[in-house]
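Below are two forms of the same protein chain, given as structure tokens: structure 1, then structure 2.
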Structure 1
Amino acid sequence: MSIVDHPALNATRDGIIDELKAAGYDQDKVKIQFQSAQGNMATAGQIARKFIGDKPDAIVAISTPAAQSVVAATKTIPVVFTTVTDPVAAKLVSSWQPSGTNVTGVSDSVAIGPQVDLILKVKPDAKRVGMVYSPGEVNSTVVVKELKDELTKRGMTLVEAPAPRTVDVTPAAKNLVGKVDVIYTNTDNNVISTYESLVNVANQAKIPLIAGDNSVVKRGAAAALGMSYYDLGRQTGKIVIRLLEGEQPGTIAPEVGNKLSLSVNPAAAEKQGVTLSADLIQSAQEVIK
């Protein structure tokens, strides 16, 4: 199950299914059900209870809110979380060691230092970084704290713009205009779901958008350094296969996604008032034309 449909989460889902198929778990051998809560936590709880009632071999929860809903509802059915930035802070597991419970999974956490390095490669004179995020999403509040600490070390500042709902994203972004040199986005589900609205604000105000989610570069961010969410799904699928083949979730330590990639969008950068350097473009794994 997923908390909402957006490209990164959907790519994760597709990667899981492809990994299962590659291992011989096609539709003749395994039945896969998928549902999205469409951003509604009450619906997420209903889906979790429905899946638990079906007594599956495993439930894969895509995103932090989805994983929290499932883990809160069962202590017996194996749960594999994925696209969760900090499973310990989200209280899915107590540590990065094998949990001894019914929960394991894969994190999409990326080191914050390289994110700030990318910000400075795109906008070398940046001092004030804006961030729109949902204050109710642990996935994001963890990044806010890490980013604030990292920026402080470098003599820079973070300007926060909370957006509790998707409809709050545009007003929150507009509130950053005139106060920041760049806007950084992580994998916040509210923000990713309505990314085009953020792009519109950034284009009009000539503020570069830097992201930790590569999927948004095609949608108008100037650059991103993040996980390949499809590959994250493949990695998650390998854990699901281990469970199907008899391992217990409590014996499998949570993992961190192991593939990072740089994506750039020179045309989007121009709209946002900056020109990407030739070195940055040449070092990217993906260049949006």
Structure 2
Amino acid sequence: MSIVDHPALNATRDGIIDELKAAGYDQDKVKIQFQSAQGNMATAGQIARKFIGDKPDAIVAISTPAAQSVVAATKTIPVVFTTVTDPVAAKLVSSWQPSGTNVTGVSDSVAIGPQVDLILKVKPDAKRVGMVYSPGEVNSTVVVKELKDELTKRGMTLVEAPAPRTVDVTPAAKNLVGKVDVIYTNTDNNVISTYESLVNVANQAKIPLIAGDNSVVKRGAAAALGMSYYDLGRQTGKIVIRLLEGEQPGTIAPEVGNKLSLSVNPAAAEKQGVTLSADLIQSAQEVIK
């Protein structure tokens, strides 16, 4: 089940289904049922109850609130969470060790160090990093906190630009002009859904855009080091298969998504006033022409 239809979340779902198919669990061997709450939390709770009532071999919960409502409602049916940034803070599991309960899963948290390394590779003299994000998204507030700490360690500063709604993204970005050397964006749903408006501001003001989500590079970001949500789904699928083959969820330790990929867009970088080094372009898994 998923909280909302959204490209990253849907890519995760497709990854899970493909992994199951690759292992021989196709339509006639397992029955896969998918429901999305279409953004409504109360419906998410109801979907959780429906699935529990159907007594499946495993429930995969995509996103934090979806996972919470399933975990709160069952102590017996195996639950696999995925695209949850911090499952310990979300109280899905008590630690990163095997939980001993009916819950395990995969986190999509990304180490922040490599992100800052990428910022410096694109703009070596960057001192001030701006970040547009929605204060209502856990995945973003966690990144803001970590990024702030990491930047302070390296003698750099973070300039925050909160944008609670999609229409707030342009004004928030404009507010950063003159105050920052680069703008960093994470997997924030609001920002991702209206990335073009951010690109407009960045191109006009010649500020490079660095992202933690690969999907936005072809939409105009200079470079991104992101989790492939499809691969995250494949990784989640592997856990589901282990459950289907008889392992208990309580004996499987929660994992962190292990595949990062670099995407670059040299043309967009030029528009934003920087030239990407040949090294960087060569090391990228994806180069947008």
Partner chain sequence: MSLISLMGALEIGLIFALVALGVLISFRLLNFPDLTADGSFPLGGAVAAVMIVSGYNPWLACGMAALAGAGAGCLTAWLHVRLGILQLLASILVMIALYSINLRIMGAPNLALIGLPSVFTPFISQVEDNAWLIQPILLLFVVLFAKLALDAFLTSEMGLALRATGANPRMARAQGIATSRLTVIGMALSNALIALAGAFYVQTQGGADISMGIGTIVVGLAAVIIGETLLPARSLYLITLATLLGALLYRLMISLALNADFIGLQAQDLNLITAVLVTLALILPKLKQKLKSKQGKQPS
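Since we're looking at a predicted model, the values are computed, not measured. Each residue is numbered by where it sits in the sequence of structure 1, with counting from 1.
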| query | finding |
| --- | --- |
| Form predicted alone, given as structure number | 1 |
| Rigid-body hinge position between structure 1 and structure 2, taken from P164, V177, V110, P171 | V110 |
| Relative rigid-part rotation, degrees, compared between structure 1 and structure 2 | 16 |
